[in-house]
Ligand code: ADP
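One chain follows as structure tokens, the form predicted on its own.
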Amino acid sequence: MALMGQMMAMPLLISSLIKHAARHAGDTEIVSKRVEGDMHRYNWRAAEKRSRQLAQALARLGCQAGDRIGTLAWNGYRHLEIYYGSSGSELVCHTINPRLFPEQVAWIANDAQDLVLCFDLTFLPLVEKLATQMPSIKHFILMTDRAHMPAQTSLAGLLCYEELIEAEDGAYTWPDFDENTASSICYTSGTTGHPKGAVYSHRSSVLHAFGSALPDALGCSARDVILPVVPMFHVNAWGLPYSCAIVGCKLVMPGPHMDGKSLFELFEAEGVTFSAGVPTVWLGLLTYVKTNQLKFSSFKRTVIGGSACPPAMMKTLIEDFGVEVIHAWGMTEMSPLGTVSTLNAKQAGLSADAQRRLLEKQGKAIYGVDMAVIDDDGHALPWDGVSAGNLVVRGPWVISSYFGQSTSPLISVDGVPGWFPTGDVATIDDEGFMQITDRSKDVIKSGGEWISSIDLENIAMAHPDVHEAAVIACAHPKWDERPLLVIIKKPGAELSREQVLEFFEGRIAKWQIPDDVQFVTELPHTATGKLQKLKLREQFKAHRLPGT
């Protein structure tokens, strides 16, 4: 018989994170730019107390263990309190993406069977419109104070968040329960079909917070001032509200004010050292900073994920502004972090160009995530940096099934079950650096050979007159598919099709150069900032390539 360890059986619970922050970083600031337009300041100690008061208020409303608490909210201190007050009291925090189509918002709330919906003032018209379509919701809570409550509303019995908090004394003890209990639900962005729910446990969320905070992952520290631009409704802001509590750092939240000017002013005013967001956010910030010839005084590191960071953007941040770029990859089904591109001691001694080539990849798996690339028959491919295959993952913060679905998405690799298929096509090199080459549904297969749309987009983005670029497959009578490049030019730029295609010469194999270029004023994006290639393919489905 195996000898068992004799350690305390203390469950890993989300409430333990904010209890730790309140006790050991109690006077460290949490700063929020509110929807109402002003700044709000308090600290981790006050946040923990108000989270306990919220837990009391939700119990008074009749919420019981397992009930879902929905949110339609920006990054702010009240949203943070809901994260902890709901999950910590054995309820389930369900963040809903307000950028989705209204019909999808209602569908998600119904699928999750939300009992309560907490929402910011911004979303009052949306909630008023959808209320009758969400029959499971018994309580609507407007996340504001009495002074900002609407004089009239179609929502019967609309509750005021601050009045609910003020009615409680905070004399509440966080309960202990099974760490495998559901803590939160996040839904995929639903680019095809209905969105699907990923149900995280307390155990998975705490382990993810530990793993992501490690020095060679996101490297969160008590000395940091962290501003998550990535929304709290996008995979729990990549876990940063939890990781920030673990290290007890200053947390700055921008609310709905995420334009380049607002972000730059907030970075400077609060001494932000570290941030995280998708490439489209940094496009806006960099455009504002460069147009106004500004520099960052405190900003040192940023995590870029959600979609591949264009090398030209990485180069600009590093060389022009001295900001370290941490390239990361993950997905909703992974809580979300999977890989991070950081260098070890040997790699740090390489030339600047060799380092950048590594850092442009999505990086190495952080502890807790195992990955492989496989062929269509489920056999693992070599880690040689060349063999491209379907990327699969497994780990303690990777889902085993979707909410409410009886079938599991997991597959076997070389006969070993329990791997999650990500839908990405990737290579892994001999040092473990993974690089996404495409989404399996976006890959371009020309004459039986794969062409990476990401490689082509990165080259296009390096052109000084290109603001944003996307590559899709276009039908070809001989080669089956050929790449079509769709571009947004920078304001005032004069750029021709021939100039763009000439730019590709010598940068990629001649047969991989796009067959055509189309200029547009905007590109479709998903609600989380990713290029929506399904819509782009629909837009250009009748496009005829030159010579066909």
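Numbers follow the displayed sequence, beginning with 1. In this text the structure is predicted, and so the values were computed from the model without any measurement.
The next section is about a form of this same protein that is not shown, the form predicted in complex with the named molecule.
The named molecule is not drawn, but in the predicted complex it has no heavy atom within 4.5 Å of Tyr242.
The named molecule is not drawn, but in the predicted complex it has a heavy atom within 4.5 Å of Arg439. Interface residue remark: Met331 is counted as part of the site for the named molecule in the predicted complex, having a heavy atom within 4.5 Å. Residue contact with the named molecule in the predicted complex: Met253 places no heavy atom within 4.5 Å of it.
Residue heavy atoms within 4.5 Å of the named molecule in the predicted complex occur in exactly one stretch of 331 to 339, 221 to 229, 364 to 372, 152 to 160, and that stretch is 331 to 339.
Shown without its partner, this chain lists His234, Arg394, His463, Lys196 as candidates; in the predicted complex, only His234 has a non-hydrogen atom within 4.5 angstroms of the named molecule. Only one of Thr422, Ser452, Thr273, Ser201 comes within 4.5 Å of the named molecule in the predicted complex through a heavy atom, and that residue is Thr422. Residues are counted as partner-facing when one of their heavy atoms sits within 4.5 Å of the named molecule in the predicted complex; in 497 to 530 these are Thr528, Lys530, in sequence order.
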